[in-house]
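Single chain ahead, written as structure tokens, the form predicted alone.
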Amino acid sequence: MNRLKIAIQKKGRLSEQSLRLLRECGIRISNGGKLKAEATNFPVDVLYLRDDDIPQYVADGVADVGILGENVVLEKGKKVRVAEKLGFARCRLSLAVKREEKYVGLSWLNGKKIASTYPNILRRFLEEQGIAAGIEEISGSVEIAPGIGLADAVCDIVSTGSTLMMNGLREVETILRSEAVLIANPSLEGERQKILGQLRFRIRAVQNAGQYKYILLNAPDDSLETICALLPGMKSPTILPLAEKGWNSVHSVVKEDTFWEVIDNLRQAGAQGILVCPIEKMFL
């Protein structure tokens, strides 16, 4: 039987989040060895690789798909396609300068030297902006470059900004925003393409579930119409009469980003006994 080979980072937070996503998709991964593991209930093999190598392996067909940061995909520029954006491992690629520098805009970079582990993305950005700056490609500890005189600025991945602050730097420009993505070999076809479709279906169900809450509440007859208007749900709320005359049980879903506002409005409209539950999977 054909099995889909999926490459993930061999260690680190992105590796943990990738494996968690597979578990949430109902895929059980055996412990396996250091380089490869098999799913016991889904036709997938997991390859543990360096994230920098994943685009090449997917482009060459050694792996069929891979999970990694979009920033790495853009930097490597290999012939792969983004099959799904995954919504975790969000970060940004930004320019930073010494805290005391009087940075007045991108023109400040003209004639300066910028240290980065993402020279290709940086080069494209500078060309688009018409900035003539030198690029110092280094493999690690980018943030120390200005302090030791190697560069005037840095271009690096930023999550919280604490590392920049600790090294006397401040973020001045965001070049791109990145998140984890599922990439695929563009020539994938047949049984493996079908398995990829099944995997994407499961991933979307997990993502949808994370964006909503399931809500149950009690509503009096005289407020039912107002309360239902606040709960559009997927189509419309489910309404069930309670044993106590004049009351109804209303079931629906609420989007996570509007949750608290909706709850306040429901309470003001007369809703009682509001119960909110997480959703494990959601199929639209």
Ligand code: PRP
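Source: prediction; values computed, not measured. Counting begins at 1, following the sequence as shown.
Just so you know, the form predicted together with this ligand exists too; it's not on screen, but the next bit is about it.
- Residue Thr163 is the only one of Gln198, Thr163, Gln211, Gln129 with a heavy atom lying within 4.5 Å of this ligand in the predicted complex.
- This chain appears without its partner; in the predicted complex, the one residue of Ile144, Val158, Ile138, Leu176 with a heavy atom within 4.5 Å of this ligand is Val158.
- Annotated contact segment (heavy atom within 4.5 Å of this ligand in the predicted complex): 50 to 58, selected among 217 to 225, 34 to 42, 240 to 248, 50 to 58.
- Contact annotation for Arg13: at least one heavy atom lies within 4.5 Å of this ligand in the predicted complex.
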